[in-house]
Structures are given as structure tokens and as C-alpha cells.
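This document opens with one chain alone, in C-alpha cells, the form predicted on its own.
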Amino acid sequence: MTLLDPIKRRTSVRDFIDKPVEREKIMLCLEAARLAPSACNSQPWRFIVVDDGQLRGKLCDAAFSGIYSANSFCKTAPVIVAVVSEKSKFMARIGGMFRGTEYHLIDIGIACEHFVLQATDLGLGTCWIGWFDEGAVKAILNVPQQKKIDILIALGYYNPARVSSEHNREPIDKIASFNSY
């Protein structure tokens, strides 16, 4: 197997089955995220894993109601992971200011992709969620108000026959070139 295999299999899952995810598998996903590179080795992330059914239900009811109800499918996921932005190291923040780049968001993206690729390799499905009631999630998970929750990841088992594996990506020659634009 090559790394390209789980990359090709990874898809956004919006229909989970009612089966708990083993803690060992969650820990492997977290370990993959932990090993992600980051600007100046800042590691500007914290992962809050919600696998308690009662708390997850309360979290999902609050996070995905009203204008956020488009993502209410997350209520079927047995695990929700909240990704909290932590402060980058001073040099990464300074470099980001000069470049106009928020490196901590890139870093979190890399860590989350490591997480979801590990999940895929373990036979689990995931979906990145950016549209949710952040204030409600912070309150339920006791996240300080000055912190930012940029991403939620829905995680769980799913029926592959009920999920499209169609990626509909642009061909290589439309997205890449060598030696000039």
C-alpha cells in the first residue's frame, strides 16, 4: 500500500452507522495529527475528543441548530473532535505578519489532514466541519472565550456503499506546471 491509497479513498462522510469507535483508533488518529509539521514547531492545536454519547448529543444539538442545521448530519457521528487554535510561537507569528499568512491555520490544516488520513486508513469516515455555532461549542466544552475553534471533525464508521467516492478533481495539467506559471 502507498500513501496515495488512503488519499484516494478519503471522502467526506455524512452518514455514519451506529457503532462506537475504539479508543485505540482515536488515539492513532491523534498521534498522526501530533506528528504533523508546523511553522517553527509551534504545534498550535488542541484536540478535544467528544465520544461520550450524552455529551456528544448535547454538543451536536447546540452546534448544529438554527442557521447551522445544514450540518445536523453530524448528530449520527459517534465522535466529534473540536480543534482549538492555540498560540503559535513568536517567530511564526512575526513571519506570518510580514507574509500576510496565518500560519497557525495552515498548521491546523496539516494536522487535521493527518488525522483524517489515519482515520481513512483505519476504515473510519470523517467530515471536516467549519459551519457550526462556535459559542455553543465553547460553552459546552469549557473552552475559554479568547480561544478559537476553527474546525470540528465528525468521525465514525460508515457504510461505504452509501458514500460516493467520486472526487471530481481537476486534471493535473490544470492545477500544476513546471518552472513557470
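Everything numeric here is computed off the predicted structure, so don't read it as measured data. Residue numbers here begin at 1 and follow the sequence given.
As for the form predicted in complex with a small molecule, it is not shown, yet the points below apply to it.
Inset, instruction - Give a yes or no for N159: in the predicted bound form, does one of its heavy atoms lie within 4.5 Å of a heavy atom belonging to the small molecule? - result: Answer no; every heavy atom of N159 is more than 4.5 Å from the small molecule in the predicted bound form.
Inset, instruction - Flag S85 as yes or no: does it have a non-hydrogen atom within 4.5 angstroms of any non-hydrogen atom of the small molecule in the predicted bound form? - result: The answer is no: S85 has no heavy atom within 4.5 Å of the small molecule.
Legend entry - Any non-hydrogen atom of K25 within 4.5 angstroms of the small molecule in the predicted bound form: Residue-level check for K25: no, no contact with the small molecule.
Inset, instruction - Spell out, yes or no, whether the shortest heavy atom distance between I140 and the small molecule in the predicted bound form is within 4.5 Å. - result: No, I140 is distant from the partner.
Inset, instruction - Name the residue from A33, I129, L155, C60 that puts a heavy atom within 4.5 Å of the small molecule in the predicted bound form. - result: The residue from A33, I129, L155, C60 that makes the contact is I129.
Inset, instruction - Could you tell me which one of L117, I151, A136, A39 places a heavy atom within 4.5 Å of the small molecule in the predicted bound form? - result: In short, I151.
Legend entry - Interface segment, criterion being heavy atoms within 4.5 Å of the small molecule in the predicted bound form, picked from 43-51, 141-149, 121-129, 25-33: Partner-contacting stretch among the options: 121-129.
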